[in-house]
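Below sits a lone chain in structure tokens, taken as the form predicted alone.
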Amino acid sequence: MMIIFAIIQAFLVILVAPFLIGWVRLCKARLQGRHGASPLLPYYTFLTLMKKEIVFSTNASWVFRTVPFVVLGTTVFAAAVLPLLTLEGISPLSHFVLISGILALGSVFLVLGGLDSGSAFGGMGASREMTIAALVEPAFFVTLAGFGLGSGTAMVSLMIGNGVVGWVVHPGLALSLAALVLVSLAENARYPVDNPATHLELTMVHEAMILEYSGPYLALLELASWTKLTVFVLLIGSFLLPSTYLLAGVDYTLVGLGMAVGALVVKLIVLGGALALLETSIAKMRFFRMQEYLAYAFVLGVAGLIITLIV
């Protein structure tokens, strides 16, 4: 039954991921005084790209063709095993070291895809992405280690299950949660680390690596990016309000599933609006200041780990 619910969870996360992106874009447009497009527009974008022709660079090898499937596969794996819909998730596969490694694998293949195309923009974006990834991964690792120490387990699924009253018992986890927010913005190429809507060569990071992709391959990469953001948003929501799982019905029944889906949608709407407000309120940071930003995330993660260990 746990495996079936994991498959259902991954399917639902993929299904609602385009809506989250559309909702964030709509909220940002309204906050900026614009009308904004429908939150369903990403669905039409995905379907349109799936019908387009694929154009390959003359320099591209099998790596270029493999990247979209590996990147999407790593994201779907995280969507299946993490506790996003049910409280347990797939505990044996949700070890925080494994999750960190799987997400890093997707980033590495994305970099290889940017390099394999042989374009100047792809190489530039790949160089920037590896610089950011080298600083993000330690912060992400330490952050999850802090939650693991507070809950007494290395499994992300059980971190939330064992830490329903974690904010009362372990106040240091507030610093870990703040670090997770900073890491999530960097991991998903959002403000202030990257501008997801730009194609200006001086600023783009993620977009530079997928610039040579087209058609269904581009659709898969876009879906992977949207799904990854959805996973991080729901994970933050789970750590922020773990008690919502008790309201969402974690039992393996149709009623419990329906309540869990309702809680998932509410989390996406609320946290998606918060993300839009944050991105509207701040400006993109210069690339040479990334080490300062990610150093803050690392220090917050270490501080949360130490405080939790002492208390």
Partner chain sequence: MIEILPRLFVLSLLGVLASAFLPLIRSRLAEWAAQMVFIMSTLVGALAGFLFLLVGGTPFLGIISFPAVFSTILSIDSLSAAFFTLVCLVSALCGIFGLRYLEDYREKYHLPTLLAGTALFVLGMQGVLLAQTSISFFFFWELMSLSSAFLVMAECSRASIKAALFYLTMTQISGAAILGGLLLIGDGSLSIDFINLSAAADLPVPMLGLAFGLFFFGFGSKAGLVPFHAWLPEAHPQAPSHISALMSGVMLKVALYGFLRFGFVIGPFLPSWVAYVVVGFGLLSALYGVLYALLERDIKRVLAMSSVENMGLLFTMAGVFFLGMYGGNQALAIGSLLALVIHVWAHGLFKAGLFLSAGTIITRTHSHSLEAMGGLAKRMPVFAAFFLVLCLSAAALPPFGTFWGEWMFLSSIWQAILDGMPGSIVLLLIAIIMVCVGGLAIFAMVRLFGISMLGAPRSKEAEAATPAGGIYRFTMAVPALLLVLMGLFAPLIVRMVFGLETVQFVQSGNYFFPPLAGADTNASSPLIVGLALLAAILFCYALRRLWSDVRRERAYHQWDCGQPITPGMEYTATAFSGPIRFFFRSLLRIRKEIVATPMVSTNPWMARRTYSLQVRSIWVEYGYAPMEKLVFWISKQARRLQTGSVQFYMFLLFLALIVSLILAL
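If you're wondering where the values come from, they're calculated on a predicted model, not measured in any experiment. Residue numbers count along the first chain shown, from 1.
The following text describes the form predicted together with its partner chain, which does not appear among the structures shown.
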Do residue 309 and its partner chain come within 4.5 Å of each other in the predicted bound form, heavy atoms counted?
-> yes
Partner contact for residue 23 in the predicted bound form: its partner chain, 4.5 angstroms, heavy atom = no
Flag residue 238 as yes or no: does it have a non-hydrogen atom within 4.5 angstroms of any non-hydrogen atom of its partner chain in the predicted bound form?
-> no
Report whether the minimum heavy atom distance between residue 95 and its partner chain in the predicted bound form is within 4.5 Å.
-> yes
Which residue among 255, 285, 55, 266 has a heavy atom within 4.5 angstroms of its partner chain in the predicted bound form?
-> 55
Tell me, please, which stretch of 171-179, 145-153, 229-237, 186-194 lies within 4.5 angstroms of its partner chain in the predicted bound form when heavy atoms are compared?
-> 145-153
For this chain shown on its own, do 205, 271 and 299 all sit within 4.5 Å of its partner chain in the predicted bound form, going by heavy atoms?
-> no
What residues of 124-155, in sequence order, lie within 4.5 Å of its partner chain in the predicted bound form by heavy atom?
-> 124, 126, 127, 130, 131, 134, 135, 137, 138, 141, 142, 145, 148, 149, 152, 153, 154, 155
